[in-house]
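In the block that follows, a single chain appears as structure tokens, in the form predicted on its own.
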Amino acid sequence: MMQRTLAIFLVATLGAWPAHSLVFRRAVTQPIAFNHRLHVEGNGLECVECHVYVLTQTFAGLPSLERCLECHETAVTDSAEEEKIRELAARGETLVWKRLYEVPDHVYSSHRRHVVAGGIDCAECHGPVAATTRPPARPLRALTMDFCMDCHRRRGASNDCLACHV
């Protein structure tokens, strides 16, 4: 009886993940209309240059204002969006990006493990973010359990429940 109850709980909980990540995901508006294409294709930047924790931590990190100022302390373009960076700095404020991709709290997913150990390109999980000229309001790729398990199966990674669920 206990095992059946646990199985029903797990199916109900894990089955809700796709619905949570696709249907109930609210649109986000970023503080700056960041142009990924310009930075990646136009200036040759790699994802890890702004998302500085990708190679060393579970989380990728979002660019800090200080990181942006390394290139934009003085005007590089006449973009009003670029000017917002210096205006935030002049007011002593921080740059607060809104997270676009999230997995449920009961899922452990490490950027370092996927990128460094797995050799997975950022676009595999995040979709074509590097080609966007404005910040997407919603994730470009749904990080569902089926999506993750399919990838693990193709790459020969573990699909054991405890490999990802904590």
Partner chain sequence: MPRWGMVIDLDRCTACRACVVGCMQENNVGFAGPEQAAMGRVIHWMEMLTVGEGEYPNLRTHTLPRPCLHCDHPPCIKVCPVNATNRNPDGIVAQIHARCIGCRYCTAACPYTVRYFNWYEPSWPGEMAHALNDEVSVRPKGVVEKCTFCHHRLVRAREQARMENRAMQPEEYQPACAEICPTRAIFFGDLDDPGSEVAVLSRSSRALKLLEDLGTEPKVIYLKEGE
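Positions refer to the first chain, counted from 1. Owing to the predicted nature of the structure, the values given are computational and were not obtained by experimental measurement.
A second form of this protein, the form predicted together with its partner chain, is not displayed here; the remarks below concern that form.
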Inset, instruction - Taking 4.5 Å between heavy atoms as the contact cutoff, choose which of Arg141, Arg37, Lys98, His106 touches its partner chain in the model of the complex. - result: His106
Inset, instruction - Would you mind picking the one in Thr132, Ser110, Gln30, Ser64 that has a heavy atom within 4.5 Å of its partner chain in the model of the complex? - result: Ser110
Legend entry - Partner contact for Val52 in the model of the complex: its partner chain, 4.5 angstroms, heavy atom: no
Inset, instruction - Examine Val116 and determine whether its closest non-hydrogen atom to its partner chain in the model of the complex is within 4.5 angstroms. - result: yes
Inset, instruction - Tell me the stretch among 44-52, 133-141, 98-106, 65-73 that has any heavy atom within 4.5 angstroms of its partner chain in the model of the complex. - result: 98-106
